[in-house]
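Next come structure tokens for two forms of one protein chain, structure 1 first, structure 2 second.
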Structure 1
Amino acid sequence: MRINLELRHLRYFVCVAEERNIGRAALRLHISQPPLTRQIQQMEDQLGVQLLRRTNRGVELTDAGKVLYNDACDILGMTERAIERSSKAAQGLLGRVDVAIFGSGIFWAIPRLMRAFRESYPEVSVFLHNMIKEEQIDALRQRRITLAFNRLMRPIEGLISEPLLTEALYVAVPSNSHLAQHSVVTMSELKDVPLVLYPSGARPSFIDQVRDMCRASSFTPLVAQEVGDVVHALALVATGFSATLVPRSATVLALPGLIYKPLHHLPQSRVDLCCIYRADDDSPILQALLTSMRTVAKSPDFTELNRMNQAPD
């Protein structure tokens, strides 16, 4: 037998249990007494359990009634809260958002952006996922994530790529490299230096930007090795293996035998940190995220860093 218990029954029952009197409960519920009597009877029938003991001055709960009273209060409370929560969720104040990250953004900008968001929207849980660019695009398309952080992005159908931060580039070299003596490194000085480049995989990537930069300085880079991400590149360099180029924020990553030198400022020798999202995504949490991130990106902290990065000295 399928039970057709409704919240109405629970609301009525709780009221009766609290008033210990069906008539008074009916008054409180703004209905008349007979329907309430019937609803409670029907409830007892459906549960196959006697909930009330009828006395000559009202009703009292049986043991089963007491148990159900507690449970019913819990259920009604949860329902109230669920209504609240769904409303909050609709305003982007509550819920879960999945965000993909990749590369050196994690060393500086992303944690600050996420922390600021978390402070404004404490009831939104942010789940970070490490993904390479192709995975990010797939995941965005399938709505498995709402936002992705990446560097270079060519326009992609259906996705918007919004730059948040522009960073200067640094050259990472082994401490025994002759470049380690320079205070600033120019592109042309990298002409004969084999480079570790990253990330290998989907194009365009930072690799292509480096090639373009070299071409602008009229040489073709020597590629010592392609690796998956900046950390692997730096690890190779730290062991005395050639050199690599990194965004400024990656220079917080210290490794023994590794030295960072600013790259002489050129228009192309900067790199963006972008956030990517679906063009058709009007979900309030995404809007909240974007608003929060844009605010942070314009904050003194961030603009100061941008200025410094655009013209390092």
Structure 2
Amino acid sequence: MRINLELRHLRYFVCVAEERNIGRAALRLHISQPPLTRQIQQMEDQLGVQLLRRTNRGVELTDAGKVLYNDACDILGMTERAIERSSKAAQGLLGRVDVAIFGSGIFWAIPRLMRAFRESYPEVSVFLHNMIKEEQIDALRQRRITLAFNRLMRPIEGLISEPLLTEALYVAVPSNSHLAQHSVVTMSELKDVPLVLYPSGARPSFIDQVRDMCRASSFTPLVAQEVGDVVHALALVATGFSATLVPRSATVLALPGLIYKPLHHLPQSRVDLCCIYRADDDSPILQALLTSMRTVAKSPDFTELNRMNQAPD
């Protein structure tokens, strides 16, 4: 036998069970009493059991009715939660967002941006993935991630690279280097200094920017080593191995034997931190994330920190 019960039948039954009176339940449901009585009778006929026992004071649940009441409450509660969750998901208030990170931004800007988003959208789960630039691009195209953070992105069809922060560059040198005594370091002072460059991998990258800056100062850099990321570069410099250039955010990484000095202002002595996402991604959760990050980037605290990132003239 096929049973055809709808959610409204369960709502009617639960209301009658709670009121213990058909008349009061009908008033609560804003329907007349005869249709409500028929709906309950139809439920009993379809199920082949008696759900309510009529008394002089109204109705009371049978054993079968008590079981159905508990289950019906669970079903209605789950339905309401499902509707609420789907509505939140449609507004970007619920769900999961996968974000790729790489490089020095994780030391300063990215944690602030993600913390603000989590505070505004506590029911969205944020998963961070460490990926190099090529992996980020592939993951975006394959829709395995929603957004990535990186620097110096070349134009890529189908992807948008949006700058969020402009950072000044600093020179990291060993504490026993003669440059450690300077208040500010100029590019020309790096002419004969072996440099650690990063990140190795997809180009253009920060390596190309450093090379361009050296050429603009009329010298070819003396490259000691190319490494995968800023952490490896700083670790080498801290052991007395040459010098390297880093965005200001990386200067929060304190290592024994390592000193940071501001780089004298040049047109190229700044670098952007960008967020990268698919141009055709109109998902509410991405729009919520972008709105949150843009708001934070314009906030007074973030603006002040951004102002502090300007290189000295």
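Each residue is numbered by where it sits in the sequence of structure 1, with counting from 1. Keep in mind the model is a prediction, meaning the values are calculated, not measured. Take the two forms, find the largest set of C-alpha atoms that superpose within 1.5 Å, and that set is the rigid core.
Undergrad: Go through 1 and 2 and tell me the one that is the form predicted alone.
TA: Looking at both, the form predicted alone is number 2.
Undergrad: Is there a C-alpha shift of 2 Å or more at residue 77 between structures 1 and 2 once the rigid core is superposed?
TA: Shift at residue 77: 2 Å or more after core fit.
Undergrad: Does residue 43 shift between structures 1 and 2 by 2 angstroms or more at the C-alpha, the core having been superposed?
TA: Passes the 2 Å threshold, so yes.
Undergrad: With the core fitted, just quote the Cα shift at residue 10 between structures 1 and 2, in angstrom to one decimal.
TA: Spelling it out: core superposed, C-alpha of residue 10 shifted, distance 7.7 Å.
Undergrad: Residue 29: how far does its C-alpha move between structures 1 and 2, core aligned, in angstrom?
TA: Residue 29 C-alpha displacement between structures 1 and 2, core-aligned: 9.8 Å.
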